[in-house]
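Quick heads-up: it's one chain on its own, the form predicted on its own, in structure tokens.
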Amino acid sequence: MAAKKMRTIYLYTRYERLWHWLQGVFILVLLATGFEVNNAFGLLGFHDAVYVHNTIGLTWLIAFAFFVFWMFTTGEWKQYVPTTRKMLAVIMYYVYGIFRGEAHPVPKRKDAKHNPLQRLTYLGISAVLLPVQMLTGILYWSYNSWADLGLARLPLEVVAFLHLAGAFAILIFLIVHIYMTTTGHSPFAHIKAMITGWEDVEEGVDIEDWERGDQKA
């Protein structure tokens, strides 16, 4: 098999990298303190775990609002527009193609950072999972004020279940995400790119219009 010709491009901006790692820290702290609050283990103690969990949760909410603002002011939201083009090819690549040394059907480019599977996953997390998690977290946090807010009939058990289920969903995504970072041309290539911003990509691969984020709003 002929060696793939690679070139290095600046793929991730400083803000993207900062947000990525900051969000990773938020998730780890929230998962740890959240599971402690649910008596999974003892580390900080219940009251301190609740305090840290609430503080980080509110901080993440504010940071997430800035991220959404950044996406729409820079046009980066186009990178998350879902598409089914080459979706099956990407899935089959991760099922068996990657183990046979095949080339990725949708290589990364500056105007196409995410393949169809990533677009759908990240959009679902950003537009559905995280907002639901934040909303249920705020409801949990404001429980003592539900009567004043007209939410007295809202079942606490449902809110608690949704919040915990969301936490497990985020944990599953985190595990899969960490594994996927090892699937580049070297085990740490993607991690290095998210630290430096520079990614090694294949040369001579044409980019289709839908990959450039040229979809009309």
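Just so you know, these numbers come straight off a predicted model, no measurement behind them. One-based numbering along the sequence shown.
Only in words, not in the display: the form predicted in complex with protoporphyrin IX containing FE, which the text now covers.
- For Trp77, no non-hydrogen atom is located within 4.5 Å of protoporphyrin IX containing FE in the predicted complex, even though that partner is not displayed.
- For Gln133, a non-hydrogen atom is located within 4.5 Å of protoporphyrin IX containing FE in the predicted complex, even though that partner is not displayed.
- Although the partner is absent from this view, Ala103 stays clear of protoporphyrin IX containing FE in the predicted complex, with no non-hydrogen atom inside 4.5 angstroms.
- Proximity of Gly57 to protoporphyrin IX containing FE in the predicted complex falls within the 4.5 Å heavy atom cutoff.
- Remark: of stretches 146-154, 29-37, 63-71, 179-187, the one touching protoporphyrin IX containing FE in the predicted complex is 29-37 (heavy atom within 4.5 Å).
- Scanning Leu44, Leu174, Val158, Leu164 against protoporphyrin IX containing FE in the predicted complex with a 4.5 Å heavy atom cut-off leaves one residue, Leu164.
- No member of the trio Met92, Tyr96 and Pro116 reaches protoporphyrin IX containing FE in the predicted complex with any non-hydrogen atom inside 4.5 Å.
- Along 129-143, residues Gln133, Met134, Gly137, Ile138, Tyr140, Trp141 each place a heavy atom within 4.5 Å of protoporphyrin IX containing FE in the predicted complex.
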